[in-house]
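The chain below stands alone, shown as structure tokens; this is the form predicted on its own.
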């Protein structure tokens, strides 16, 4: 369908009128500030949002493409990357960059891996092997870069089936993938076993910690017994971790990390055959918004370890309240062992898609899972005050579905990840 053509008004409009119109345009958006959105937004509280907003505004015109012009951005990015490397137990020679989001971080890691093998004279290594639960960004990267992805069914506990991945590895395999945690089920794969597999076959292991990279380290500090998942494992060559998720930075901000500077060198783009000489960029983007870099740096400095640990404590306590409440309602099953901020659940007793639609009609939006059928919540501190309202509406919705008063009409699915 062609895009409607509009004529730009001859005269400008007063900001007060534009602001009112923006408010009106957003009337049908889900109210994430009231904890009614279980995906997309990570609400750390008004104070942290204010820090991110002010820092972003201070550097909204600065451009990460020009570190010589803006050494402030270079310093802030270096420090943000340094914070992340420390949290993820990276070795001394490790390094990384900020990107626009998890998809770009993953694409960069895949591109770097591909070019690493090409430089080693192994251009036939063009396959990624990943669990069925791995993020579609790996398939997007493969599509962009002329590669292929082999997906392996998950194990009974919804983690990656390491034996299945090992069986799928071939001479063409350039990368295997582990998630910490995966988005659909919120569970951490057996990265230790994947690390051993990667070492034994001399294969690149990427750990997608876009969801957990800035959550799991603080959960561990709080005493949560998490399996090893980061650079402490020798087979891990790269990781992705999103700052605009549980790092609570402004969108879009992510990080991609490498075990060594030599690996990261294959990420770089350099070109000099044009009038202004060499241009070098580490990421896909040329221009990079200085505001995203500044906001991430400011939020990390503002919260510190103690602040992040408190946010993690709140999220885990909130997730446990949701779990207890759903168990009390009855009829639900949880998909996997949840230790972080995600919750995935379904039912053998009633149509979970009918429940999801009923909750949506009541103003609650979450992602749906197709295999197995289920609902998915990605919780943040802002959900702490929404638990009772959510469970009350869930009780009524389940009663409607059980009685036959409500049936699924939209077919479910997940458009929201």
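Residue numbers count along the first chain shown, from 1. It should be emphasised that the depicted structure is a prediction, and the values quoted were computed from it without experimental measurement.
The same protein also has a form predicted together with a small molecule, omitted here; what follows describes it.
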Practice prompt. Note which of 245, 288, 311, 114 lies within 4.5 Å of the small molecule in the predicted bound form, where distance is taken over heavy atoms; exactly one does.
Written response: 245
Fill in: Contact residue in the predicted bound form, chosen from 281, 173, 347, 103 - any heavy atom within 4.5 Å of the small molecule
103
Worksheet item: Though only this chain appears here, would residue 189 touch the small molecule in the predicted bound form if you measure heavy atom gaps against 4.5 Å?
Response: no
Discussion item. Against the small molecule in the predicted bound form, would residue 181 count as a contact residue? Criterion: heavy atoms within 4.5 Å.
Written reply: yes
Discussion item. Residue-level contact is defined here as any heavy atom of the residue lying within 4.5 Å of the small molecule in the predicted bound form; does residue 236 satisfy this criterion?
Written reply: no
Item to complete: Classify residue 210 as contacting or not contacting the small molecule in the predicted bound form by the rule of any non-hydrogen atom within 4.5 angstroms, answering yes or no.
Response: yes
Practice prompt. Would you mind picking out the stretch of 163 to 171, 263 to 271, 85 to 93, 202 to 210 that comes within 4.5 angstroms of the small molecule in the predicted bound form, counting non-hydrogen atoms?
Written response: 202 to 210
